[in-house]
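Below sits a lone chain in structure tokens, taken as the form predicted alone.
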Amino acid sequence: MLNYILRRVLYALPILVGVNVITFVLFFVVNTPDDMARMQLGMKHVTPEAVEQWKQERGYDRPVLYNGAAAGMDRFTDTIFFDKSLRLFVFDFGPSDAGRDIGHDIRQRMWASLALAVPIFIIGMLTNITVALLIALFRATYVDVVAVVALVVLMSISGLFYIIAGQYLVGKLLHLVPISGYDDGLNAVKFVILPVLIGVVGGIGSGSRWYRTIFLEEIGKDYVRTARAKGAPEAAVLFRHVLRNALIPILTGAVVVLPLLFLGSLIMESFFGIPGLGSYTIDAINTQDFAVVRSMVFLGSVLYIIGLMLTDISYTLVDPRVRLN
């Protein structure tokens, strides 16, 4: 197990370097350091001196990837990429282009993201599995046909529709919960109820249909026919045997996203005014704060790799035939 984890960490290093290179190239193809300076200074007719001073203070006065004017290894080390990227691998995110401490912002905002993402994940997964099992119980009947049609309809509706309709009906007409905003502690509950409800409802279509496919595939296997031949009730076959043996594909989709819950939801947080990492990233993109964008992309890559490792490790817990060498 330890050897496997070490190998995956070594494999992850070139991936993270590649992600950083691509992020730098894509960002600086669209924006130049001069554009970033003018955006941060907030003036249309800013002087060239002010632009140069801003670039020098933040280290954007050097070449991006390769410094042809330098000698030796300085050609690669005296660059924006080397200066800004090396510290990321020890999770030192440094200051944003606006002067704020990115690490402090992440630690402050991650709790709002988790308060929204974790309930959506847990409630949504339990709801989708339950709905899928019930549909599988009534497979090949009119209930199955109607349910599949309903799931396809739910999948076809844009997520923005759920957000706008939920805000209008629950928040504006019924006045049950606030439309937007956030507060600390238990006061945050009233602000996350609506987005959690919308997140769960919006994911029922795709989630339940996917789980239904998994369960129907398991139902056709030999061990299910053997259980039926021994006289096991259909409900017991589904909930005791099929659900247990479907854990591996379920874990594939569930465990891999666990670390990514930390990053929150870009759209949901922006629409509901929740100060999480999703809205933090959107604000950084709008203001062309490359330091924040770079840090969030790197953090997302690290968390995704961790999710893949956790998925492989979880296989050994549900299937004794799987061993990691």
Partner chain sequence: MIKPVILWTDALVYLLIAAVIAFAWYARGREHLRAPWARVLESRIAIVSLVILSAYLAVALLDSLHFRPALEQRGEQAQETYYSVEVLSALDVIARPLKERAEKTYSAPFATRLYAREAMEGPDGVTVWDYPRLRHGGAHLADPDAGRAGDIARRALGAAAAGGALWLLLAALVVAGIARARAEGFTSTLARVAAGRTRIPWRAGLFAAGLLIVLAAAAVRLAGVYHILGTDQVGQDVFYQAVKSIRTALVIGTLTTLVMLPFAVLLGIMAGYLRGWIDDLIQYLYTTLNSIPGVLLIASAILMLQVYIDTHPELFQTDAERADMRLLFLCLILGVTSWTGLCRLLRGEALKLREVEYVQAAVAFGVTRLRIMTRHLLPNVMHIVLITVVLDFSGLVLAEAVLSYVGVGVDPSTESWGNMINGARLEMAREPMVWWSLAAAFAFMFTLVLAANLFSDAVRDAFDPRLRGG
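Residue numbers count along the first chain shown, from 1. Since the model is a prediction, treat every value here as computed from it, not as a measurement. So that the term is clear: the rigid core is the largest set of C-alpha atoms that superpose within 1.5 Å between two forms.
What comes next is about the form predicted in complex with the partner chain, which is not displayed.
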Problem set entry | Three-residue site P14, L26 and M296 fully in contact with the partner chain in the predicted bound form at 4.5 Å by heavy atom | yes
Exercise. What is the one choice in K84, R209, H241, R109 with a heavy atom within 4.5 Å of the partner chain in the predicted bound form?
Worked result: R209
Seminar exercise, completed: Checked I193, M155, V143, L247 for heavy atoms within 4.5 Å of the partner chain in the predicted bound form; positive is M155
For this session: Could you confirm whether G300 comes within 4.5 Å of the partner chain in the predicted bound form, counting heavy atoms only?
Result: yes
Exercise. Any of the heavy atoms of F290 lying within 4.5 Å of the partner chain in the predicted bound form?
Worked result: yes
Exercise. Taking heavy atoms only, is K172 within 4.5 angstroms of the partner chain in the predicted bound form?
Worked result: yes
Exercise. Even though the partner chain is not shown here, does W54 get within 4.5 Å of it in the predicted bound form, heavy atoms only?
Worked result: no
Exercise. Of these, 219-227, 125-133, 111-119, 158-166, which stretch puts a heavy atom within 4.5 angstroms of the partner chain in the predicted bound form?
Worked result: 158-166
Exercise. Which of the residues spanning 177-197 lie within 4.5 Å of the partner chain in the predicted bound form, based on heavy atoms?
Worked result: none
Exercise. Superposing on the rigid core, do we see a C-alpha displacement of 2 Å or more at V25 between the shown form and the other one?
Worked result: yes
Problem set entry | Large Cα shift (2 Å or above) at M36 between the shown form and the other one, core-fitted | yes
Exercise. Looking in the predicted bound form, are the Cα atoms of V29 and F89 closer together or farther apart than here, the change being 3 Å or more?
Worked result: closer
Problem set entry | Shift in CA distance, V29 and D92, in the predicted bound form relative to the form shown here, given it is 3 Å or more | closer
